[in-house]
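Just the one chain here, laid out as structure tokens, in the form predicted alone.
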């Protein structure tokens, strides 16, 4: 086994881009792997449900082109996880088409392995019937209706499917929905490196230069792994890794700062140590991996729940600002009265920026005492686009002319920055499957295909 394993993380999410100079600086350090995560659930359930990417096609193609050509020249593998942003079948196919275009246009020949992550509903229902599925915290119990109504259901694969794909000696691995660290950790784990350190380093590398100061998701990061520690190094002279920046990113996206759950177990980070090695290199040690029994895979599914129409408005009338809560309540009551005898249902939501638009009911400083203007987003969701339009228009016109207590002028309460004032936002999705699946074989559910592109 080699004593060190070196990884070039190109960008935080494929399509976010990276400076050529940073990428070349990483290549000059002779990496053993070039990798990038390509997705996230952060943009919400729409992209999984709709089967489209939240990243731009040309931007993804640019990043892939540079990564694949560099990997082929240097005979080192290129790995991409959560293809297309969400990692379901349409996302994987979309990203594969881009790679085939690159191969044709650049006259490249290479072997690619695809790892599929979308689940057949019958497989989910069989596991549900056998008691092999349980909800994550705060998720409801999974039902047949939730499974049947889902547009797509994916499983978040761990390192094992990647390890199995590496047995085929591919030049490129393109995977569906993936546990982000697996993209970086699988090959060193296969080669015998410490699993905990590989996963911990992968957790940080998946966000690339976000762990540097100043952080950026559109820049490269370099990692060096041994069996005792790993080191991180920024590749752009405008950034530097510090013990604080790396430790802070270790706390990223966790309900418990010391525990990082994932497929097959969790990382215990209570004994981690962060030390500055000079030259912007930060060394991390002490990570531990605690296996879980049984092994579980996180399932993610999204189902359509209607159509959305949105209207954006603003006000700077201090009287309306003072009365905004009562005004919104009155508008809700008016809309409910108008449509109370209809056979269809709707959802009406008001987001008030300048008051509690970001935090909502969790806002620690509620009230509008210091606000001189408010931005108001009116959102209506109903079973058809036309009905969503109807509800949004009624709420918008009611609020525009509502006579709140103390109102002086009658010419209108709101200012609309756009004409038309109402926007069709299309289908609305919600996460309907957010559960854990027990399995004896961590790679069994993830089909692997290989192709020779030339």
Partner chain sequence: MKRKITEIADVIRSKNSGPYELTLDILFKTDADFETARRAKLITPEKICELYKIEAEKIIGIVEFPPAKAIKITIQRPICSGDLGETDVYGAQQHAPLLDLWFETEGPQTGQETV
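Positions refer to the first chain, counted from 1. The structure displayed is predicted, hence computed values, not measured ones. So that the term is clear: the rigid core is the largest set of C-alpha atoms that superpose within 1.5 Å between two forms.
What comes next is about the form predicted together with its partner chain, which is not displayed.
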property	result
Option touching its partner chain, based on a heavy atom within 4.5 Å in the predicted complex, out of 96, 274, 229, 339	274
Candidate from 134, 144, 326, 254 lying within 4.5 Å of its partner chain in the predicted complex - any heavy atom	254
In the predicted complex, residue 361 touching its partner chain (heavy atom, 4.5 Å)	yes
4.5 Å heavy atom contact, residue 224 to its partner chain in the predicted complex	no
Residue 195 within 4.5 Å of its partner chain in the predicted complex, heavy atoms	no
Its partner chain contact at residue 344 in the predicted complex, heavy atom, 4.5 Å	no
Partner-facing stretch of 58-66, 390-398, 425-433, 28-36, counted where any non-hydrogen atom is within 4.5 angstroms of its partner chain in the predicted complex	425-433
Residues within stretch 319-358 having a non-hydrogen atom within 4.5 Å of its partner chain in the predicted complex	347, 349, 351, 357, 358
Rigid core superposed: residue 364 CA moves 2 Å or more between this form and the one not shown	yes
Core fit, then residue 332 C-alpha moves 2 Å or more between this form and the one not shown	yes
